[in-house]
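Quick heads-up: it's one chain on its own, the form predicted alone, in structure tokens.
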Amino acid sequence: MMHNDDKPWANKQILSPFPEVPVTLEHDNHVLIIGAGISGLASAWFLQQQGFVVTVLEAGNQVGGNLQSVQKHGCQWERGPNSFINNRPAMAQLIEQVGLKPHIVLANKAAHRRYIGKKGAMLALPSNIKEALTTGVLSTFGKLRLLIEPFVGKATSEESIAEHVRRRLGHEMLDWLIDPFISGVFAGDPEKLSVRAAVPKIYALESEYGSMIIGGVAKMKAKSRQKKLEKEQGISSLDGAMMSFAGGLYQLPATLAQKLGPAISLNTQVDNITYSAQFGYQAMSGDQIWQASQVVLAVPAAQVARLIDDLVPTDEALLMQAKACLQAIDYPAVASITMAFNKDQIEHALDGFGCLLPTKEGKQTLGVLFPSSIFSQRCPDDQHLITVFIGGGRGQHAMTLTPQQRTDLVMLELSPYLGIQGQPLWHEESLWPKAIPQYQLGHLPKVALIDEALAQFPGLHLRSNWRDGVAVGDCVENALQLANMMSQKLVKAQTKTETIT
């Protein structure tokens, strides 16, 4: 006879809509979600809208993950992502459903201008054909090199972003345009990132059109036709607009948490997860157990590897491979440093979104955003607010410095570009030891292997930015797709049961 001492869960409190009752996997609609970043919260919301009962467990003391807005010094800024592009249907749906549409703040027109640093100066990126022909970003040779792009054949094997762009567009396009763009999105190295995994839209231009230029022109024409049609029909569309919320990006997770209410448990570190056909999934945290038929792991890759460690697979070797793949996903450290200056301290007008520094410039600083130029009322009228990013795939030396040393380095590297005089009125650093997951070469086969290994466990789902896109919009879109898929499966299971009955 087994004693309670032999059953570690026996003296724990089981928290479930169906306590201590075996879970009927095909019929139970209770879903346990681990992690309350935007992936976990959006998954919880969309699942709840589909009729599921959700429980969200978050190890930290607040929701939102890296979506963190700060109001201080009479200013408002972001510790993580600064804005999002309204180009995904799921995001528009989520904003509408939770009542945030009246709180949308659109980016100023000036924010559409982008700068890069080249040889110590800030150069505006071209925004039309005329500017592209006259820009100093590319040499005459670099511009002429683009003419042969439509005649370049397709790749026969997986390429890095650098290999893909260098082959199709030439090294100048890589060095001065694509490299800084990748630093801005991934804080990563284009020589290591997979073009198909990290920037699938760029990869699709070659696979679908045979040319990045021809495909890009076709996409722009289609978008222009769509906007013209919407205008003729009197439709006011925010599709493709850059935006935030009046209270900052954190207003999104905060509103979701408010709507989900008691479904969220903070300060709840999940120790492990077990699975059995009789009881479904049981997540343990201290003396408590949460029980559900399905689980969504909305946490970083290494946390997924830890949480699945106690699952008993039919193919143990495959599960071990999956855990190794999860643990191998790199998350380089990044620091964001926000500073305020009097306007007369900076020579440049900062009339744009920001400035990215290519690797060729030899800086640890990845780039700088101009939050007070992007959105109105982010700081006093006589001040400039800037947010600098340092570290990432090419700037790990900066991560060995103290916060003050990083600030001093940023000031040294940025001052020639912006024309900064004197010291900031104040500055504040946000350090992300594991910032943005890197979709390196071989990433998609790794994800496929992970999916194959975890398919051994019915009802186990993965939602986080280490797969299927790192942007906020990607995470929300993927959450909606997951909810729709789970809802369809539940309906099929219920229909099958009713037919048998």
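A residue's number is simply how far along the shown sequence it sits, counting from 1. All values derive from a computational prediction rather than experimental measurement.
Below, we turn to the form predicted in complex with a small molecule, even though it does not appear here.
When the small molecule is considered in the predicted complex, only one residue from 444, 471, 70, 454 comes within 4.5 Å through any heavy atom, namely 471. Put simply, of 269, 421, 97, 134 only one has a heavy atom within 4.5 Å of the small molecule in the predicted complex, and it is 269. With a 4.5 Å cutoff on heavy atoms, residue 378 does not count as touching the small molecule in the predicted complex; it lies far away. By the criterion of a heavy atom within 4.5 Å, residue 355 is excluded from the residues contacting the small molecule in the predicted complex. Contact check for residue 83: a heavy atom falls within 4.5 Å of the small molecule in the predicted complex.
Looking at residue 462, you'd find every heavy atom of it more than 4.5 angstroms from the small molecule in the predicted complex. Looking at 203-211, 292-300, 134-142, 102-110, the stretch with residues near the small molecule in the predicted complex, meaning non-hydrogen atoms within 4.5 angstroms, turns out to be 292-300.
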